[in-house]
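This document opens with one chain alone, in C-alpha cells, the form predicted alone.
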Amino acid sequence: MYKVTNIKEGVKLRDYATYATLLPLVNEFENEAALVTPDLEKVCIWMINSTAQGGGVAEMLPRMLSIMRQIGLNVEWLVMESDETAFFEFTKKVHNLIHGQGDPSVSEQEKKIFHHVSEVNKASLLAQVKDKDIVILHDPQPIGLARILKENRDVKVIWRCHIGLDVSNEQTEAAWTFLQSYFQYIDHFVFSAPEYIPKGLTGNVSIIYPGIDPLSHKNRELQTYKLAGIFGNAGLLDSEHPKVTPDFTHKVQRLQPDGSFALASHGEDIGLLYRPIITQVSRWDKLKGFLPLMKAFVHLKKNKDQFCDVQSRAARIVETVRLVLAGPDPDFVSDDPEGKRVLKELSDFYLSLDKSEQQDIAICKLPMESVKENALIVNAIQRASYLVVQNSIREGFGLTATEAMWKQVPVLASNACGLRHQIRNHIDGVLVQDPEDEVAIASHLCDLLGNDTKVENMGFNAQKRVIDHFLIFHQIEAWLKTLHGIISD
C-alpha cells in the first residue's frame, strides 16, 4: 500500500462560481460546508481503493479530495497494491456476483488469498492510519482491511460500495454472505441507490449519488478547434492542418481488419468530425453490454428498411452512422483482469464481420499513461457523438452516462438501476428494457437517429438533470453530512 501524493489542487472552488449555471450550487455548497467543517478539521480522513487509474472510483477520488482539502479537510488517498493475480481474479468474481453473474461458489482458497493480501498490507496501513482517524474503504477489494483497522486502531471505518443489483439471486446471496463476515468491523455503509442495500442492513446506512466535475478535462467545454486538435493529437484524425498543441506521447489504438491494433487514423478515417457517431465508452467488462450493442448496430445496418422508410432522413443517417466502442488499454487497469478477455471477445466478433460492416465500427483502446490526455480524448469523443450509449447489463451508477448528459448529448441506456436513477425515459434520454435484445436496441437507435428535435430536447433536459442532482458538489455535500454524523455519534 502506498500514499498517493499527486493530488493536484486543480480548479479553485471559487473558479466554479464564475459560471452562471454553477454559482448557486457553489454558494449553497460553501454555506453547508461551513456548518460542519470546523468539527471535521480535527480528524484525518483516508480514502482507500485498489487502483490509481481506470474506472470511476479512481477517476472520481482526486478531484473530490482536492475540493475537500480546499474547504479545510485533511484527506488522504491510499491505493491497495498486490502482485497476487488471484486476488484480483477473486475480487472481480465478487464484483460480478454482486451484479448477479458468475459461479456462486466461494472456495476456502479464494478466502485465504483475500485474507492474505489484506494481511500483507497491514504494516503499511497501520504505519499511516492513527487513532481517531476516519477510513473509507471503496468497494470489495479493501474491505478485508476493516478487521485489521478495528483490532489495532481506535478509528471509524466506512465501507463505500459503488456497485449493486436491485434484485436478489443465488449469486448476490453468495457475494453478500462472503462480505458480511466483515460487516461487524464497519461503522457505516454507503451505497449508490436504496435498492443496493443488502437484506438486514439498517440504521447505519447512507445513500450518496456519485457526481462529475463539470470543469475537469473530461467534462470542460471544448471549442471546435480544440476538439479537432485532440483528435489529431491522439491519432484519431489524420490531418495536415496545424494543431495548437503537440501530439500526445501515447495515442489511441484501433482494431484493424487483420486483428492487430494500430494507430486509430490508420486506414479509412473513422469520420468523427463528419459522420453521425454512436459511442459507448466504458471499461472492457462483459456487464457493460458492448457485444449486444455491436450486434444491434450490425442488425440495424443490415435491416434498415425494416426500421425506417428508405426515403426518410433516418434512413440516410443510418447509412452514414458509425459506432465507436472505446475503453482503457486493459494493460493499465490493474484490478480488472477480465478486461483483456472481453476485448478479445469483441475483437473476434468484429473479425467475423464483412469488410463493409467493419468499416462502420471502431473498437479503440484509449491510452492510460496520462490521465489528462485520456480524459481529453473521452471528452472529445463524447462531444462529437450524436448519441452516447450505455448498454450495461448491470450498472452500479454509470458516470459515463452522466458525462454525456452534462454535454447535452442524449443517452440510450439500459434500464439498469444506476442508469434509471439518472435518466427519465424519453425526457433526458431513452431506456432499453433488455440490454441484450438486439432488435429493440436497433429500433431505438433508428428512432433517435431520425429525430433531431427529440434528441436536442433530451440533451437540454439531460444537462439540467445533472446540474440539479449529479455534480461533484452534491456528492461532497452528502459526504460531509455523513462524516459529521459519524463523528457526532
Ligand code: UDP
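Treat the numbers as computed from the prediction; the structure is a model and nothing was measured. Just count from 1 along the sequence shown to find any residue number.
A second form of this protein, the form predicted in complex with the named molecule, is not displayed here; the remarks below concern that form.
Chemist: Just checking whether residue 328 would be counted as a contact of the named molecule in the model of the complex - the rule being heavy atoms within 4.5 angstroms.
Modeler: Output for residue 328 is yes: heavy atoms within 4.5 Å of the named molecule.
Chemist: Would residue 283 count as a contact of the named molecule in the model of the complex, using a 4.5 angstroms cut-off between non-hydrogen atoms?
Modeler: Residue-level check for residue 283: yes, a contact with the named molecule.
Chemist: Is residue 59 one of the residues lying within 4.5 Å of the named molecule in the model of the complex, judged by heavy atom distances?
Modeler: Answer yes; at least one heavy atom of residue 59 falls within 4.5 Å of the named molecule in the model of the complex.
Chemist: Residue 213 versus the named molecule, in the model of the complex: is there a non-hydrogen atom within 4.5 Å?
Modeler: Looking in the model of the complex, residue contacts with the named molecule do not include residue 213, since no heavy atom lies within 4.5 Å.
Chemist: Choose from 150 to 158, 408 to 416, 374 to 382, 256 to 264 the stretch whose residues reach within 4.5 Å of the named molecule in the model of the complex, heavy atoms counted.
Modeler: Going through the listed ranges, the match is 374 to 382.
Chemist: Considering non-hydrogen atoms and a 4.5 Å limit, which listed residue (164, 289, 142, 398) is close to the named molecule in the model of the complex?
Modeler: By the 4.5 Å heavy-atom cutoff, the listed residue in contact is 398.
Chemist: If you look in the model of the complex, which residues in 214 to 238 sit within 4.5 Å of the named molecule (heavy atoms)?
Modeler: The stretch touches the partner through 218 alone.
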